[in-house]
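There is one chain below, alone, in structure tokens, taken in the form predicted alone.
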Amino acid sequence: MGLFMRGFLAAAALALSTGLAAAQVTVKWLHIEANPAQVKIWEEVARDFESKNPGVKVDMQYLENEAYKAKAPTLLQSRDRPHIIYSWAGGVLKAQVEAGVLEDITAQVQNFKASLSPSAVESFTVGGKIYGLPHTVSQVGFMANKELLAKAGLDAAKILTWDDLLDATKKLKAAGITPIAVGGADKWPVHFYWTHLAGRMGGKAAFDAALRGQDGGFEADTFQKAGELFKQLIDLQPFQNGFLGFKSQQAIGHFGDGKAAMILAISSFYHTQKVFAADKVGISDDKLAWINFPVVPGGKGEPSDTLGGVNGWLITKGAPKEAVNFVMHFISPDVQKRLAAGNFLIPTVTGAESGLGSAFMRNIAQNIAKSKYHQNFWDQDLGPSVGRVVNDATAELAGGTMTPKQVAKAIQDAFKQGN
């Protein structure tokens, strides 16, 4: 064989091996979505991406919410780490950046980010660098069963203040109806009460002052008062029997089964209350109401202030560029409009919210659009160690084993230790 032919064959072999390598790019995508109807669309989106990108495979991996939170730190240190992971942004994201387990994707998404809500993109930006992209925003408020409220002579539209909620709780109990379902075993659903009350009491100014350590930080009067107001509700025993043993999914199903009049919900519970209901039907739109978290008389927070999430996808260190390409495909206008039409999310692509299929979800999208202060979930925003204490302490308050003062002190102590 001549020298030329050997060189030609070697070059051909190299080209072939390079082609085979290119044909074997697997993007590992770890998600926590439990709704099969939504996952089905996600799978279709993944297959569509594969068809448009020959040689790329998207491997979908699922972990339940709490298991994901527990295993994420170890997973991210693994050589076999997933390339795309779910994120609530906030302090947990900052801790992951500091740990060096995320990829800076600023250059790759520079043009794409213009199609997204700037504030949502900012949530995935640390030190001027973008580490992920947001795909949805959410609001926390009370989801209510109109039929059960009516049995107690109540109208969701008239539950506006904290005193209104306390009064509604009393009337529901008198009518033999469980007022509120909550997943106490997971703890984070309980922290929504305390943090929302703190927001209603002090607004953004109080939260920012606590971050600066002013007025005792999270031991300031605002936060102790939030605990005292929450205790007013706790003392009425508003939750289902054994609520501290209920996981969030069980509590959502309890509400979907019509066994409680209300649940302090993330807007995404619109679908999951059907998924986790025993009949897989849940509460129909005509019987479902949304109650913005009640205002507190004399509170400094604006009634339009919202608590909720900015959720999206992070790219892990060393991930192939195809992982970023897939996330951009996943958050493209066409996909966001499709998911919005099914009411699966409130989209981050500008204009896609107009495609929301239900008045219930459009109302929530309008609430977020009107909000001048959208506070990310505290257990995420304050970082993993402080967030864990927020969840633990507020669950202890609900269970009667900590006082409002002790809750505020525990959170401040954790905050001081971590800063």
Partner chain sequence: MTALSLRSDGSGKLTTLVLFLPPALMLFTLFVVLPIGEAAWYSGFNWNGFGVPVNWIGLDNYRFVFGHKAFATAFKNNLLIIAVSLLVQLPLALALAIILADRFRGAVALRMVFFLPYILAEIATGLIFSFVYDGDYGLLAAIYRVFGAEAPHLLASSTTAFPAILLVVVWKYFGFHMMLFIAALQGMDRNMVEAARIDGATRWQVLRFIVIPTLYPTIRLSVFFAIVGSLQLFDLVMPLTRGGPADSSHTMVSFLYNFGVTRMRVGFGSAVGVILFVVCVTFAFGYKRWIMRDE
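All values derive from a computational prediction rather than experimental measurement. Positions refer to the first chain, counted from 1.
The same protein has a further form, the form predicted in complex with the partner chain, not shown here; the description that follows concerns it.
Contact with the partner chain in the predicted complex, defined as a heavy atom within 4.5 Å, holds for exactly one of Q61, S358, T350, S385, namely S385. For the options A152, V126, V140, A185, the one in contact with the partner chain in the predicted complex, meaning a heavy atom within 4.5 Å, is A185. Not one of L264, D379 and D381 comes within 4.5 Å of the partner chain in the predicted complex, counting any heavy atom.
Only one segment in the set 171 to 179, 76 to 84, 156 to 164, 300 to 308 has residues whose heavy atoms sit within 4.5 Å of the partner chain in the predicted complex; it is 76 to 84.
Using a 4.5 Å cutoff between non-hydrogen atoms, F112 does not count as a contact of the partner chain in the predicted complex. Although the partner is absent here, H254 sits close enough that one of its heavy atoms falls within 4.5 Å of the partner chain in the predicted complex.
Taking the partner from elsewhere, V101 is found to have a heavy atom lying within 4.5 Å of the partner chain in the predicted complex. When the partner chain is considered in the predicted complex, A70 lines it closely, a heavy atom lying within 4.5 Å.
Along 382 to 408, a non-hydrogen atom within 4.5 Å of the partner chain in the predicted complex is carried by P384, S385, R388, V389, D392, E396, T401, in order along the sequence.
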